[in-house]
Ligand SMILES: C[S@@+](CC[C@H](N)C(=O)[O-])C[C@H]1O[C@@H](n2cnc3c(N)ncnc32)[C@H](O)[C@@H]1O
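Quick heads-up: it's one chain on its own, the form predicted alone, in structure tokens.
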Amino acid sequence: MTEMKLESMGLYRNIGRVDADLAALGVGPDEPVRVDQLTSFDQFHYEGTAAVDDSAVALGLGPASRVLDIGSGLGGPARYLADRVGCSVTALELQPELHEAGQRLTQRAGMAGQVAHLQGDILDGPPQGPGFDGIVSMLCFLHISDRAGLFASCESALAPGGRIFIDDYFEIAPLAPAAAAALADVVHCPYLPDEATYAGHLSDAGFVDIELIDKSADWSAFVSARYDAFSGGRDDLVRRYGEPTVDELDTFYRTVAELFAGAGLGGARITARKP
């Protein structure tokens, strides 16, 4: 998917912290868990379940819908969609540790009949089978520089008339060298297209009805508040996760907040349709 090793990114390391989060809720490592108990920590994207609700509306999802979640992480959006909408979701995740942790959480939540987990790379092509009615991807595509290959696979994955919903980064203005280095090294974002270029990638892949909504101000406020809350709860988090994990997360959350406070990094919600 990318030249860089995503598992070295602070947000994706030490996934065993999930057990500590559940323990803080009084849930043991082998006990059943509800979807609503997971949503405070299994949504790695911005704006939490509100963003997933937006995806369900934008894609027109219903109980009969088949959805592909690309870069599914711990499976949070996939489980939430299946639970709230009643649809079936295929959760595709590149990183084995995240895939395995997500699969375990889905089984513990009793959602295995609606959420199927696959470990793999979207650049290798879409999952086998009939086309999906919708694709969701939350802050995954920023890690992928091969946009031609990416959107070709996405287009192939959809049934005719199917729609895609993406939360992703885009360039508002050229980043200063230090910011560009932090974006690449800490956030593992090797490629940052501007709005017109992004739309062009989708159009080249055959998508129509392309719409990009600027979420930069909303996301800047979100990541700033997230870092403030993380910093304010540091002592408790050190007891829960250990200091090395907290330090890694601190670097990641702080860097993202600083990047969005700068002049060049933007966030967008992109939708498009396969004819």
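What you see is a predicted model, and the numbers here were worked out from it, not measured in a lab. From 1 onward, residues are counted along the sequence shown.
The same protein also exists as the form predicted together with the ligand; that form is not shown, yet it is the one meant from here on.
Novice: Is it the case that Val27, Tyr80 and Arg108 all touch the ligand in the predicted complex, with a non-hydrogen atom of each within 4.5 angstroms?
Specialist: No, none of the three is in contact.
Novice: Heavy atoms, 4.5 Å, the ligand in the predicted complex: which of 152-160, 91-99, 191-199, 177-185 makes the cut? Say which one.
Specialist: Within 4.5 Å of the partner lies stretch 91-99.
Novice: Against the ligand in the predicted complex, would Tyr227 count as a contact residue? Criterion: heavy atoms within 4.5 Å.
Specialist: Residue-level check for Tyr227: no, no contact with the ligand.
Novice: Within 4.5 Å, heavy atoms only: does His143 come near the ligand in the predicted complex?
Specialist: Answer yes; at least one heavy atom of His143 falls within 4.5 Å of the ligand in the predicted complex.
Novice: Residue-level question: is Phe222 within 4.5 Å of the ligand in the predicted complex, judged on heavy atoms?
Specialist: Because no heavy atom of Phe222 falls inside 4.5 Å of the ligand in the predicted complex, the answer is no.
Novice: With the cut-off set at 4.5 Å between non-hydrogen atoms, does Gln37 touch the ligand in the predicted complex?
Specialist: Because no heavy atom of Gln37 falls inside 4.5 Å of the ligand in the predicted complex, the answer is no.
Novice: Since the partner is left out here, which residues of 33-59 would have a heavy atom within 4.5 Å of the ligand in the predicted complex?
Specialist: The stretch touches the partner through Asp42, Gln43, Phe44, His45.
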